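A lone chain, given as structure tokens: the form predicted alone.
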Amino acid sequence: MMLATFLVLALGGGDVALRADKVWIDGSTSIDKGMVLVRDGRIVEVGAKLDLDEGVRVVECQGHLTAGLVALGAKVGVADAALDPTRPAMPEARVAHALCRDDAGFAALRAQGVTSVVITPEAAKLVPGATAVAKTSGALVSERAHLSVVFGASALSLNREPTSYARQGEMLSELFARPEGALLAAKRGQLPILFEVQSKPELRRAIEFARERKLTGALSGAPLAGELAKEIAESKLAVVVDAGGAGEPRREALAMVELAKAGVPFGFGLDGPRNPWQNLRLVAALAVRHGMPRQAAHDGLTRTAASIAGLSERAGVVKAGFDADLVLWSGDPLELSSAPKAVWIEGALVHGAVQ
């Protein structure tokens, strides 16, 4: 569409009501011909029929309206950030300090319906620092959302410790035995941990480490985590499902189904730009085709993902009081034939257009 047809909903200009063919409150509740009233960047009211004040603009939206997607893990905005490669642990480092808010990756995420993203540091050391949460408008939401702790092989090195899994475990135990700062906050349950893992043995080590110390957070990066769904459920940890995968799509999809069956909270991680941005929704749709309930997949992209990101009180649900982070899809968002037609972040149209 021509730029002249774009309707920019900056709520400072007054209340706006979006009326869509279907409004998805979350993964289980929808309203046909629903309306969402937006004011000052927030959702004010949602319903089938709203008693609107005179002068409220009503915008007709053909398609499905949902909460914006939440990507749990991407390297967007920090491609040129460099951390000291000689130090095995930097728990006080914050990837937010290197954030480039006009990075082109944000626009690419918006084009896929992603409105919030957890930005993770490189998993190249035992404790690479804190994750950040940002809107894909570039606005920083949290500069210390999780503490990244690496149980994967990427933290091992040939020329500095740790050089083996055994030493990796010893060093992590030593760090948490005498914690300070971010490590102490994590040990006290005040800062969730993002456990970076890749294989099932690494998953087991991370689960046991968390259980022994009563740590909270999420296991991130293992595409087959669902094959240990029972152990994960007992640990009370969440899971960030890798949207890149290990090259076995059917096995990975069935593993995701097992997470849902076991009641493990999960969202989808997008280690972009290494993985294509569209993979976030692709892996969710693939899981549905292999038996995952639609509700679980939808919430894994929105509501549950927002909770894992620390945004449970402001994102992931189309609900009064929440940020007006919304996506208009051409059809059901879990059908790969659908595409984002328009994306709003805090009430401002940041991608696409409506007529």
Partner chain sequence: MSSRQANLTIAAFAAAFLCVAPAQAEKGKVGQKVSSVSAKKVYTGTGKVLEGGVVAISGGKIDSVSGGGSEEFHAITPGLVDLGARAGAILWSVEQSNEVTARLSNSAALDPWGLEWDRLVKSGVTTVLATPLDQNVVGGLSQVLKTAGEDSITARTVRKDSVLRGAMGQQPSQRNSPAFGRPTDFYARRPTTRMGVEWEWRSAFHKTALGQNEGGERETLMKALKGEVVLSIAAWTTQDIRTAVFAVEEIKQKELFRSQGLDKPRVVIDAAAEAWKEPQLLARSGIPVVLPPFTATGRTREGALLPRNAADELRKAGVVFALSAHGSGAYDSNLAVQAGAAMSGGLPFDEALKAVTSTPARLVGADARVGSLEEGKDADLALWNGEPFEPTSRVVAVIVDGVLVWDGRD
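Positions refer to the first chain, counted from 1. All values reported here derive from a predicted model rather than from experimental measurement.
The following text describes the form predicted together with the partner chain, which does not appear among the structures shown.
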Quick check for you: of 126-134, 232-240, 156-164, 139-147, which stretch puts a non-hydrogen atom within 4.5 Å of the partner chain in the model of the complex? 156-164
Residues Glu170, Arg204 and Leu228 are flagged as a possible site; in the model of the complex, is every one of them within 4.5 Å of the partner chain by some non-hydrogen atom? yes
With the partner left out of view, is Lys200 within 4.5 angstroms of the partner chain in the model of the complex by any non-hydrogen atom? yes
